[in-house]
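Given as C-alpha cells, the chain that follows is alone and in the form predicted alone.
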C-alpha cells in the first residue's frame, strides 16, 4: 500500500468483514476487534516483511476477528470463508486464534502469554543471526497480567533488537475502565524504565502508525497506540458494553451506519 487513501479503504474493508462476521455469528468482542483494525492494516499492508521472516502475534486473542479480516484482505484467508466460519459451531475460525489457521502464529485465549512468546522468537532470531522482527499486540487491560511485566523486564535486560510490542490502549477491559480497575499510567514511562524504546501514537492515524511500526531500533520497542474501542461504529465507540454486546440481523443498520456514512462521503 503506497497511499494513505488506499490504507483507509483497506481498513474500512477489514472493518466491514469484522462486522459481517459478528452479525452472521451473533458473537461479541466487536469493540475489541474494531479498535485494532487500523493497527493491523498498517502492519500487514505496509510494515511486515514476510519474506525476511517478520511475524505477528496477537496476544489479545478475543480480537481474533480483526486478525482474520486483515489476513483476508491480504489474501491469506478468504473473505467469505471468514464471515461464514467465524465463531460458529463447526466453523473454521474460532473466537480466539489458533495456530492451524494460515497466518496465525500464536494460539491465544488466556491473556498474558504473548509477550513472553514474542521475546523467545526475537531471541531465537538474534541467536540465528536473522534480521527479522517479531510484532506482538496486547490490550491495555491485558497489562494487568504479571506475566506481561516479567517478560517486559527480561526483554529490557536481554535487549533483542527485533522485538516490537504494540499496546492497544483503548481504555477499557472486561470489568470496566482500565484506569478504574487498575491504573497503569503513565505507560510510556513504565516501559522506558525497563529499558525499552517507546513511541506513543494515535492508533487510528495510519501515517503515525506506519512511522512507529517501521522505525529501526537496536532495542525492544513499545508502541502505545491510543485507540477508541468500537472505532467506526458510533453506537459502540468508547462504550464499555462494546466488549460484550452482540447484534442480530434486524440491527444491521446500527452496526453499519458509521461505515456507510464514511463510504458515501468518500
Partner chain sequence: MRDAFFRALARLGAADERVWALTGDLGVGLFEPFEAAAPGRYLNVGIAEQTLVGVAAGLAYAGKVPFAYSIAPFVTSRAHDQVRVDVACAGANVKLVGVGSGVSYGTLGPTHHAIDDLALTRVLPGMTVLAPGDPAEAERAAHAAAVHEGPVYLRLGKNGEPALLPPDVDFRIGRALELRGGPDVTIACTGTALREATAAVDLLAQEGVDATLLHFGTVKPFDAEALIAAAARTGAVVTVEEHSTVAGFGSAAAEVLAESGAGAVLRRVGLPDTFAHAVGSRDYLVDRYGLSGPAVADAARGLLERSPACPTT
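Everything quoted here is computed from the prediction, not taken from an experiment. Residue numbers count along the first chain shown, from 1.
One more form of this protein, predicted together with its partner chain, exists but is not displayed; see below.
Its partner chain in the model of the complex is not approached by residue 129, whose heavy atoms all lie more than 4.5 angstroms from it. Under a 4.5 angstroms non-hydrogen atom cutoff, its partner chain in the model of the complex lacks residue 192 among its neighbouring residues. Not displayed here, its partner chain is approached by residue 91 to within 4.5 Å at the level of heavy atoms in the model of the complex. Within 4.5 Å of some heavy atom of its partner chain in the model of the complex lies at least one heavy atom of residue 95.
Only one segment in the set 72-80, 136-144, 116-124, 156-164 has residues whose heavy atoms sit within 4.5 Å of its partner chain in the model of the complex; it is 136-144.
Contact check at 4.5 Å (heavy atoms) against its partner chain in the model of the complex: none of 43, 149 and 213 pass.
If you take 172-193 and check each residue for a heavy atom within 4.5 Å of its partner chain in the model of the complex, you get 173, 174, 175, 181, 182, in sequence order.
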